[in-house]
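To begin, one chain is listed below as structure tokens, in the form predicted on its own.
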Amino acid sequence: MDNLRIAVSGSSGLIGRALCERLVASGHAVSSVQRVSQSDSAATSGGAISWDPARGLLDPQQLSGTDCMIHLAGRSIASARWTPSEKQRIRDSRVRATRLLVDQICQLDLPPKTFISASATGIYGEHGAEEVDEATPRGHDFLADVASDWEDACLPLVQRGVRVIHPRFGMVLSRDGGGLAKMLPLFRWMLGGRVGSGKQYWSWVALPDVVSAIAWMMVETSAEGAYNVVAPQPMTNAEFTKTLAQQLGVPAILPAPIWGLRLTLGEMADALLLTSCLVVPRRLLDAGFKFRYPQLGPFLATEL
């Protein structure tokens, strides 16, 4: 693989940090697109590009001639209860900020050849036990609407001739952050268990496979459009929590009641914990992508 000029937004997040480390180790020149007031600890080799999500890039020409921009920035959907103002902040951090960035890139004489913009499997909404792939129509709840508008914000780049890719991430697992890191203390204290009925499907993916999938999209010139970035073996919540408890050597005996989750988390409980969506990575598998961790048990055995 030739050494490339790559810009990464959201480089201080869980995915961004791991991705930058991988890209720098591979010899690429990596620039962090970071907020003007942000101190970014991600591994980089190409300096920093200043960005204000409300105003856009301070100097858009810094992206001119870049081989690839990987856009991962966005407010965490689980950082606060979903009040109307919090939902607007989540939406603005993804849709409005991306529209500004895309508008600036479109004005460059030499825009990035490839633009990889994060999305999420939440775009599908509730599907019970029905198998979902990239051809499944988009849903109509809050997360589905945000993810749909987030992807659509990149359409001007397609018209500009830029290769645009949307990795639709499932629940990314790592002991260093995200949902798994939040679950571990509860299970280690034997306070963990299934969520509600446990029948809802959780489409998960190991962080190393997320990084590998993005790296593959970056160099695979035929890749474009949406790709589900989830392990090929999704599990029900009951199966997931049982597997986690077994790997930790503890019982999973305290199920979280639906009423308690809704009382504590409000609308977020249904969207993040109780919605069922059995997502499969159809396009990645059809393209021959190999997952390092297709099964949860072996991943947890190495991660914990």
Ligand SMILES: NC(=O)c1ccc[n+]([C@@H]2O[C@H](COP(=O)([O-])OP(=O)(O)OC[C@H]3O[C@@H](n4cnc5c(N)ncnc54)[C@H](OP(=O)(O)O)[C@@H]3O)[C@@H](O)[C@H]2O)c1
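What you are looking at is a predicted structure, and each value in this text was computed from that prediction instead of being measured. Definition used throughout: the rigid core is the maximal C-alpha set that superposes within 1.5 Å between two forms. In case it trips you up, residue 1 is the first one in the sequence shown, and so on.
Absent from the display: the form predicted together with the ligand. The rest refers to it.
The ligand in the predicted complex comes within 4.5 Å of no heavy atom belonging to residue 123. At the 4.5 Å threshold, heavy atoms of residue 87 stay clear of the ligand in the predicted complex, well away from it.
Of the heavy atoms in residue 82, none are within 4.5 Å of the ligand in the predicted complex. Put simply, residue 201 is far from the ligand in the predicted complex: not one heavy atom of it is within 4.5 Å.
Stretch 88-96 is the answer when you ask which of 151-159, 88-96, 220-228, 126-134 has residues with heavy atoms within 4.5 Å of the ligand in the predicted complex.
Residue-level contacts in the predicted complex: of 102, 116, 206, 73, one residue has a heavy atom within 4.5 Å of the ligand, and it is 73.
Exactly one listed residue, out of 190, 108, 181, 171, brings a non-hydrogen atom to within 4.5 Å of the ligand in the predicted complex: 171. Using a 4.5 Å cut-off on any heavy atom, none of the residues of 180-204 reaches the ligand in the predicted complex.
With the core superposed, residue 65 shows a C-alpha displacement below 2 Å between the shown form and the other one.
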